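Take a look at this single chain in structure tokens; it is the form predicted on its own.
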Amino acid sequence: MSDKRKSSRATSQSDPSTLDRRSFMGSALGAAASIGAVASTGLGAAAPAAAQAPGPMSSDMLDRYVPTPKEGKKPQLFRAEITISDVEVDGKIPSDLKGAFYRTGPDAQYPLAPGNIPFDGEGHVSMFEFENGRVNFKSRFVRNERYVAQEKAGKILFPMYRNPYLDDPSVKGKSRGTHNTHIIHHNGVLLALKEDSPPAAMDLRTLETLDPVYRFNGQLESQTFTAHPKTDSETGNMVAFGYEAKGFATDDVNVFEYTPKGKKVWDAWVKVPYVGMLHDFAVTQHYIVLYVIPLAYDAEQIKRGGIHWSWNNGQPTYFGFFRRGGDGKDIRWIKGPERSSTHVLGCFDDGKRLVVDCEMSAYNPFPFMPMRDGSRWDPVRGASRMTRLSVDLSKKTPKDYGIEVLYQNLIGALPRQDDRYNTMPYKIGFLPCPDPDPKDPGKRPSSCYARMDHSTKSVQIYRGEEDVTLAEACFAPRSKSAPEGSGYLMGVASHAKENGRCDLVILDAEHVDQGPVATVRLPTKIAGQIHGWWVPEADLPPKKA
């Protein structure tokens, strides 16, 4: 495939795409998205009908979240908590694959209110447990304060995504957190995450909710906590942040660092240029990077009973960076062009450059997020590609940041790396995407996983089965000391022709183009996914008798 690359500076105009609109609409509606990545998670189901197009979308998620006018059909919810022991496996589970793969996504407890978006469903966490060549499956809702209150009332009490003014009076003072976006293990527990609230702590073995509002023994000052903490590649410390950290719609960001045992060792407070979505961030050995995008807080929309965000056409981005371990007063903001980036693949600094690799689109990547000017969402401009942002550290006051598309032919979001390299130079990345080289351009392309090697600019492609949607993949190293990218890539495949029945596909991460080494075949569909996380056996607590 082509390695043709394009670069620009942040002061230049956007170069949306080299694909023609017809080809694009047939391939990548969802791959354009980020957090919800329609292709990767099937969560673009709330897209307006006009924006819908053939693409690698999960039909079961469409059924759940998009009501149709025919016969008054209502959105279907999954809601089933499942336990399956010794799941059927095709092939053989590798002997060095030991641990658990966790995944989470929104699964609405009750039908979502009209005008709401799928990001507002309750967090449903599932795990594939690998032990002695066998696989056990389990899924449970996060029983946070929101879930428990609604369960007691028998109805939705928080009817609109991040709009507290519509909440039922009975839940005043309770956490609004759904904990439906990501999970990570820390200090012996599984943390379920949603960026508008503190984490919820769950048992790594049973998925029982242990603490619905986890504040690290009172050390968490921020009112919020990111869905994307980073693990320091040398110390194992967890670095994280919260935006709107001092309350709803505030421009305060709190960045902090905890040891593996949960002791806070550093934090800083900074201000952002405007209140925009800060879904992810970058952490190197020396710097913290925040990237503010025009998916911004919309006070007027909130007053009208709408959601928290809208895309503000023409508003600039801001690339902000400051010294890790300091007080944040040295933060520098570099103004750039309208762009969107919500997920970081990898990052590093080498003393000369600060580099952040991320998925990036020319503007709003979410078909279901409102456009502030009322314009129609454009799937071509909303397409995301792997992009390298860079700042010249030799300049005392840099005026711009570099923007370089790394793989022009790959359209996709939700990139993942070997998480042992979160804060260090890296070379291997993985990306769910539609087939970049379909045999029949007239048909919906296969849902694929791409393995990218930045050192050689080479790409391997795993093509999923026909009518299968692949969720975000997760990497598991062969061992703690295995070379970068040596291990297994795993992700859930949903079969549209089998009523959404799911498999877990396991690939050799160094040879993804050779197909699965094993496939875990579930007898049913399961709750949808945004993000997943691997926990090696050594980090799991002993099983209780």
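The numbering used is simple: start at 1 and walk along the sequence shown. A quick note: this is a predicted structure, and the numbers were derived from the prediction, not measured.
A second form of this protein, the form predicted together with a small molecule, is not displayed here; the remarks below concern that form.
Close approach of residue 195 to the small molecule in the predicted bound form, 4.5 Å, heavy atom = Close contact exists here: in the predicted bound form, residue 195 approaches the small molecule to within 4.5 Å, heavy atoms only.
Is there a non-hydrogen atom of residue 186 within 4.5 angstroms of a non-hydrogen atom of the small molecule in the predicted bound form?
-> It does not: once the small molecule is placed as it appears in the predicted bound form, residue 186 has no heavy atom within 4.5 Å of it.
So, in the predicted bound form, is residue 388 in contact with the small molecule at a 4.5 angstroms heavy atom limit?
-> Flag for residue 388 set to no.
With the partner left out of view, is residue 181 within 4.5 angstroms of the small molecule in the predicted bound form by any non-hydrogen atom?
-> Residue 181 belongs to the contact set for the small molecule.
Picking from 338 to 346, 455 to 463, 216 to 224, 125 to 133, which part of the chain touches the small molecule in the predicted bound form when contact means heavy atoms within 4.5 Å?
-> Of the options given, it is 338 to 346.
Go through 161, 241, 430, 291 and name the one with a heavy atom inside 4.5 Å of the small molecule in the predicted bound form.
-> Filtering the options by heavy-atom distance leaves 161.
The small molecule isn't shown here, but in the predicted bound form which of 366, 407, 102, 321 has a heavy atom within 4.5 Å of it?
-> Of the listed residues, the single hit is 366.
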